[in-house]
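A single chain comes next, written as structure tokens; it is the form predicted on its own.
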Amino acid sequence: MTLTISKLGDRLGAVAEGVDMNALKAGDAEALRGALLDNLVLCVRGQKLEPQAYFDAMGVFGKQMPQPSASSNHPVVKDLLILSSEDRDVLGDGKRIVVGAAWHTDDSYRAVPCSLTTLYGVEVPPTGGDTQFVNMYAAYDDLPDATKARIGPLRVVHKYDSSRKGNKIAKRTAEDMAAMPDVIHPMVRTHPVTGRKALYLNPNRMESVVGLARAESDALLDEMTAHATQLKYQYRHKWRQGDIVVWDNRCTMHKANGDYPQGARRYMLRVITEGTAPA
């Protein structure tokens, strides 16, 4: 097989075909990493991997790290997280929960969030269940200079259970919550590899802008979110079974859609890779 990489969206997204992640060649590994840096979201199409093989293969993108939710971890490969149509708020009301149904970037409630997320579509519904992404480089670049000057120094409080959250989140144990104190991140971060600036937002985890009154803080966070999630910055991924999608949380946001037919099954496995503190 010969690796080919082609564009998926206008502002972000690429697809890699002709590669088997069970037996990845060294040159192909470098090409995949480069394609991800250039396109922010990379789909590696047509894969068939056992859970351990998938986890191991994702090491090509970075050092894998433990998942934050033990209740949803794979029964055999503990550092794989299961995301499925069967997800329920086990510690809460027990009702169905669509993980990531509002715009967000993964793990921003941590002092050191993961850098990349990879999701393997083991079983996908016939329709619906798309994942949407936005290019946060482009969203920042298009801001007026005066806005860039205003938000450049600002820092934002992020927390797991924000009062501003846009969707239902899974209840965590008191022990888990105690281990997740509020953290503060810059509103604009510089990517540690590319050196480019990007808006760093997470509408589902942001609580307030440090130093601003609540009304002004809410207005600014709402304004930046509305700007960043415009259709012109988006790529919408329509899943195929066997897709592995990798995205860079340092320069994107994403959201899941739970609009697949009732009774349809969606079963995905997630790996996250180590990152550095936003700066």
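The first residue of the sequence shown is number 1, and the count goes up from there. Since we're looking at a predicted model, the values are computed, not measured.
Another form, the form predicted together with a small molecule, is not on view; read the next lines as being about it.
From the list 24-32, 46-54, 207-215, 246-254, the contact stretch for the small molecule in the predicted complex under a 4.5 Å heavy atom rule is 246-254. This chain is displayed alone, yet in the predicted complex one of S72, S162, T131, S115 has a heavy atom within 4.5 Å of the small molecule; that residue is T131. A heavy atom within 4.5 Å of the small molecule in the predicted complex is found for exactly one of L80, L83, V188, V157: L83.
Although the partner is absent here, R11 lies well away from the small molecule in the predicted complex, with no heavy atom inside 4.5 Å. In the predicted complex, none of the heavy atoms of P125 sits within 4.5 Å of a heavy atom of the small molecule. At the 4.5 Å threshold, heavy atoms of L199 stay clear of the small molecule in the predicted complex, well away from it. For the chain shown alone, L119 is a contact residue for the small molecule in the predicted complex, at least one non-hydrogen atom being within 4.5 angstroms.
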